[in-house]
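Given as structure tokens, the chain that follows is alone and in the form predicted on its own.
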Amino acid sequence: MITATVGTVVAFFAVLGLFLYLVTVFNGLIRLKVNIDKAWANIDVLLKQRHDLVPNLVAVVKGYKDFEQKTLTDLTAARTASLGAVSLSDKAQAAETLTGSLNRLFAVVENYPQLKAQQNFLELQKTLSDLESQVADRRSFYNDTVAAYNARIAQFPDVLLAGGMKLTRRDLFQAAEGEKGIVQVNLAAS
């Protein structure tokens, strides 16, 4: 009788331990999933702020009649593509394209000392630079969270529960192929 009671108690605690373990794994996976969504939302807010500044920057630069129109056209097209991106990978690629367009604009501005000295331009440039730094920081946090999530859903025994929860691998926020190369800057006066 005592061995049956001990066996029942041991079985009860084993089942309870397994249940608590599964709940802990489940909650951990959900927490990582929510953190990924939160991290992306934080990036998205910063990208929206950057999008909102681009028309102001274009308006300030357009005041200089000799300014290269192709640079402004490329920047406007990159902003439009960024605003129209739907999937995370499309948004990431569009954000990188917009960053490249902004970098090219700032490189071209080096040939326009009057524009570089204008207060509105300087303020916009500083704000955009600050936003770029914040995006880089948030992107790093996002990628760390995605890497932890992807590792967890691939590890045994978490993979068993993740499969039942229909959790799938997430993509990292990566630089577009065209943005990985070395940027050529011509410092010769034109």
Partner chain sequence: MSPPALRRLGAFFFVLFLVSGGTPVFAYYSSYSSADQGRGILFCAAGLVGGVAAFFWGFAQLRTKRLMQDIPLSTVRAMAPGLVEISGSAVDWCPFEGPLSGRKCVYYEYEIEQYVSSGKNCHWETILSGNSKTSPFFIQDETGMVMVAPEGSKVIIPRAYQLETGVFTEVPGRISDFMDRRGVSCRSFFGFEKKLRFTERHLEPVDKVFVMGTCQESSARLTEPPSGATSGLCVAKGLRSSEVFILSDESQRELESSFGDHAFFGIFGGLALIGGCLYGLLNLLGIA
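Just so you know, these numbers come straight off a predicted model, no measurement behind them. Residue numbers count along the first chain shown, from 1.
The same protein also has a form predicted together with its partner chain, omitted here; what follows describes it.
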Problem set entry | 4.5 angstroms heavy atom contact with its partner chain in the predicted bound form for residue 25 | yes
Exercise. So, in the predicted bound form, is residue 138 in contact with its partner chain at a 4.5 angstroms heavy atom limit?
Worked result: yes
For this session: Give a yes/no on whether residue 54 approaches its partner chain to within 4.5 Å in the predicted bound form, heavy atoms considered.
Result: no
Exercise. Using heavy atoms and a 4.5 Å limit, would one call residue 150 a contact residue for its partner chain in the predicted bound form?
Worked result: no
Exercise. What is the one choice in 61, 47, 32, 128 with a heavy atom within 4.5 Å of its partner chain in the predicted bound form?
Worked result: 32
Seminar exercise, completed: Near its partner chain in the predicted bound form, with a heavy atom at 4.5 Å or closer, the residues from 34 to 50 are 35, 38, 42
